[in-house]
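Listed next as structure tokens is one chain, alone, in the form predicted alone.
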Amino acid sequence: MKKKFLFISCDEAKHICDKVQYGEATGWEQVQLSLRLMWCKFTKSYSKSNSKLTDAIEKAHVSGLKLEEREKLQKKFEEDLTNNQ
């Protein structure tokens, strides 16, 4: 049995961690990540930070400006800029 079969690198674990958060990881990838999380403090830290970031983004409910609001703001900015010169 190859060592690579069960054990993955830190970079691979980070990639799988990202896939898990978006529901794109296979069952086997999740098993490999779980094994890595048991002993790698760096992967654990990355996974924990990634989860916190995802939670913060979901709770924020941030919405941007509408197109017409942006255009109005841009026009006002340009007017103020030309008036102050």
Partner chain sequence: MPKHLINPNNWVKQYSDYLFNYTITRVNDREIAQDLISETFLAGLKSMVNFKGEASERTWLISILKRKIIDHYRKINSNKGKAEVRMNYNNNEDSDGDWLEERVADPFDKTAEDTLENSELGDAIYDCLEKLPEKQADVFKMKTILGYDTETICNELDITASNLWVIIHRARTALADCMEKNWF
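Heads up, when I say rigid core I mean the largest set of C-alphas that superpose within 1.5 Å between the two forms. Numbering follows the first chain given and starts at 1. Predicted model only: the values in this text are computed from it and were never measured.
From this point on, the text means the form predicted together with the partner chain, which you will not see here.
> With a cut-off of 4.5 Å between heavy atoms, is residue 59 one of the residues that contacts the partner chain in the model of the complex?
Although the partner chain is absent here, residue 59 would touch it in the model of the complex, with heavy atoms inside 4.5 Å.
> Any chance residue 31 has a heavy atom within 4.5 Å of the partner chain in the model of the complex?
Judged by the heavy-atom cut-off of 4.5 Å, residue 31 is well away from the partner chain in the model of the complex.
> Is residue 21 close to the partner chain in the model of the complex, meaning a heavy atom pair under 4.5 Å apart or at it?
Contact check for residue 21: yes, within 4.5 Å of the partner chain in the model of the complex.
> Decide whether residue 26 counts as a contact residue for the partner chain in the model of the complex under a heavy atom distance cut-off of 4.5 Å.
Residue 26: no contact with the partner chain in the model of the complex.
> For the stretch 67 to 85, return the residues whose heavy atoms include at least one within 4.5 Å of the partner chain in the model of the complex, in the order they occur.
Those in contact are 67, 68, 69, 70, 72, 73, 74, 76, 77, 80, 81, 84.
> If the two forms are fitted on the core, does residue 24 show a Cα displacement reaching 2 angstroms between the shown form and the other one?
No.
> Would you tell me if residue 12 moves between the shown form and the other one by 2 Å or more at its C-alpha, with the rigid core held superposed?
No; residue 12 is a residue whose C-alpha shifts by less than 2 Å between the shown form and the other one when the cores are overlaid.
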